[in-house]
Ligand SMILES: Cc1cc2nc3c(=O)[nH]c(=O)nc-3n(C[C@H](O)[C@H](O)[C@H](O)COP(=O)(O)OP(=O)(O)OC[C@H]3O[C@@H](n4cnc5c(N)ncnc54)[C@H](O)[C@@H]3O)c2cc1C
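Just one chain follows, in the form predicted alone, and it is written as structure tokens.
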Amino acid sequence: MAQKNIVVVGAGVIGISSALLLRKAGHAVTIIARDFPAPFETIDPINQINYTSPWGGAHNRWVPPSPAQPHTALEHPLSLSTYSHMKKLHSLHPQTAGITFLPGIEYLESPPPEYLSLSSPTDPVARSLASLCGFRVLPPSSHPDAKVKWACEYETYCVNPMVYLTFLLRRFFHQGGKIVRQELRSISEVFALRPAEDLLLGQPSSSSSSQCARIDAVVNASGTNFGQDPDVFVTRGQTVLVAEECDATVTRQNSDGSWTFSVPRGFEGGTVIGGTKEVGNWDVKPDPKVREELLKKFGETYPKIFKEGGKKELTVLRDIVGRRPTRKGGPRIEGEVLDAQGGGGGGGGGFVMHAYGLGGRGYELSWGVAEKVVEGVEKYFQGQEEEAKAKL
């Protein structure tokens, strides 16, 4: 297949991962975004609150397929693929990729049926996870208190978001990818881009040709689809970053529907303690009372984080508020051909591969989604070639 010119909209974990795999497939790829990775300490918590990737924990925990949530059956294979990618990246770049492998521990007070099924040694999901990452159900004697009804442990990974994304973006650039900082209003606007189009796509201008380089496809990794998808909604999350390094990523499901968790960032990034899931809450300011409750609950669940003798409090570095772009029915990972006025906001038309609305699972599904992006884009190109041949 001939090289194609592809624009990826969005420089979060989905956008950069997709851009890397598209570049590996031999295409000319440009990332266009308003926000790009930078040291976490320099990210503006108010003006860049919608740049979701910096505010992620981010860790991998296994979410078994649930009949009550059909999209989880589609997401589970994506998480398995991502795990394999993370394992390989960590083995090749242990000091620079921003990935840490460590134990993952889960405590559930009201375990859904799909989790209880994992207790069976014949359950196919449990068997595959046992082989992949040493998954095992923990006995009641290891539970932190009597409220916990089910628990498990496995090997998993956490990433330091900005170390990891900067690492990926640098690899993309070194492999010939192009980067453009520009704020867009819609996906269709990409097809209408005219100024310096040859430069945008990394192709030198030709004085003998009056045609600009053509944009063959666009990947929509915008997170929210610019507010043009009625199924996308915001889930606010508040967490707190502490200086202490936790030796595991711990997740607790509380019976009241709240969650308690730790996500060690590694690479001297401290540990994220969380957290809340507040649908439709747009407030950008952290609540001090919520911070106190988060720290209290985690300290009770996993007192091992208090490593220093007699220590009673954790060292708070920063409150974190982020907006997870969640989508009813699960993420949208599919292709669409927009007409000249499609996609909202006017502009040009062409093929768009959508990859947005992953909520809080962006990191743990990222490489699986990126593979689907490449698959969808190349399937479209193949169809175009077959159609052209049929007309000859």
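Numbers for residues come from their place in the sequence shown, where the first is 1. All of these numbers come straight from a predicted model, not from anything done at the bench.
Separately, the form predicted together with this ligand exists; it is not shown, and the next lines address it.
Among A221, L294, A217, V250, the residue placing a heavy atom within 4.5 Å of this ligand in the model of the complex is A221.
This chain is displayed without this ligand, yet in the model of the complex the stretch 177-185 from 139-147, 177-185, 118-126, 95-103 comes within 4.5 Å of it by heavy atoms. Heavy atoms of H59 reach within 4.5 Å of this ligand in the model of the complex, making it an interface residue. Mapping the unseen interface onto this chain, A33 counts among the residues with a heavy atom inside 4.5 Å of this ligand in the model of the complex. Put simply, W55 is close to this ligand in the model of the complex: some heavy atom of it is within 4.5 Å. In the model of the complex, this ligand sits within 4.5 Å of a heavy atom of L358. Candidate site formed by F226, P325 and Y363: every one of these residues places a non-hydrogen atom within 4.5 angstroms of this ligand in the model of the complex.
Taking a 4.5 Å heavy atom cutoff to this ligand in the model of the complex, the contacting residues in 10-31 are G10, A11, G12, V13, I14, G15.
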